[in-house]
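One chain comes next, on its own, written out as structure tokens in the form predicted alone.
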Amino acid sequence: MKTPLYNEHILLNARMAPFGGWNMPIQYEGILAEHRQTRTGCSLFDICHMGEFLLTGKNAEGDLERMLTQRISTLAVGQCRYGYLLNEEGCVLDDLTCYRLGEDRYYLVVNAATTGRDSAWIREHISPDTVFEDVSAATAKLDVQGPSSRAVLERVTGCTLPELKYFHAAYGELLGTECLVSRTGYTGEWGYELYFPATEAVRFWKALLADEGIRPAGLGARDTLRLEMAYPLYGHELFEDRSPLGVSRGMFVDFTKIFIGRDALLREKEAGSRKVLVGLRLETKSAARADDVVRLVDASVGYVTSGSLAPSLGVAVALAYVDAEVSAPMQELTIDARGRRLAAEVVELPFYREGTARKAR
């Protein structure tokens, strides 16, 4: 599938590749350059491949409470929350963000590759009078990320953006079009996510890139940015056959409420997770890759889920599932990578701690 901006990426000589069933831009100028511009300036990402659902009705809140691991009833209008959609076995169908747009109006942003499955699951588990709409095809999503993103957006649109706290959203008119503007992000930097009609995608893209303070960035830089922040990626750190406890250590799961998969998670919690997700900092720029074996001396103790050079740190880093017994910071391990043994150390997460996402602008 192609996003509404496919032809614009081709005109910019983007390197394209499949991702989650979509043909997406991986890089334009280069991953390292696009990573740096996001950390220091402002980048524009095409995220139109993501899925968006609208749920409305007096029982929508209760339905979402039962399906999602995070508490929904305490969300104020204009607030959003990250959590998991689980099956009965407590395994992750998807990780997503839930927005409360009104008293009985909710918006879910889900992963591209799981949109169809998520839609079917939710339709099966909502009340008869809850209205569910898959608005993915009609919705464009652009992410403007970087320390100067507010200044760039206000310059391009000629308006003052709403004062949004982290994980809050509001409607506003930008470039003559009503947009949902949120502040969640996937880079660790100050930024905005713009949701608006897909028919306006090309116009918004061109208007933003006409400003010299912003440049396009692809999924390659998005991946190195999120890895430095230790944000999980579905299909790498999160799977349909694995619970969220190993990756989140119980974060984003509210056990004080009833939700699908809760009983299975409680059993796992009582038994203790055998493998947990850790951050590994390598000694060189040589990167590990997904599925590389992690060892303690010669014994296999886990496997890498994501690995790359961390451009902001100058060394390679990796996320890996390892036995709980070897998951403490400062634990020394090695990684089998393409016939080599790479020395690594378990470190506190995130790897990169200088992000601007929570700083005032």
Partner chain sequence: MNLPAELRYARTHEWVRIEDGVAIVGITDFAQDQLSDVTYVELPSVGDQLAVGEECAVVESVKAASDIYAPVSGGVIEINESLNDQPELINQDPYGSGWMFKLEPENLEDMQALMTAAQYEKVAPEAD
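Residue numbers count along the first chain shown, from 1. Keep in mind that this is a model prediction, so the values were computed, not measured.
What comes next is about the form predicted in complex with its partner chain, which does not appear here.
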{"item": "Sole residue of 243, 182, 114, 224 within 4.5 Å of its partner chain in the predicted complex, by heavy atom", "value": "224"}
{"item": "Contacting member of 220, 78, 147, 172, with respect to its partner chain in the predicted complex [4.5 Å, heavy atom]", "value": "220"}
{"item": "Candidate stretches 174 to 182, 264 to 272, 280 to 288, 245 to 253, one within 4.5 Å of its partner chain in the predicted complex by heavy atom", "value": "280 to 288"}
{"item": "Touches its partner chain in the predicted complex: residue 30 (any heavy atom, 4.5 Å)", "value": "yes"}
{"item": "Heavy atom of residue 331 within 4.5 Å of its partner chain in the predicted complex", "value": "no"}
{"item": "Exercise: residue 70 in contact with its partner chain in the predicted complex, heavy atom 4.5 Å", "value": "no"}
{"item": "Its partner chain contact in the predicted complex: residue 340, any heavy atom under 4.5 Å", "value": "yes"}
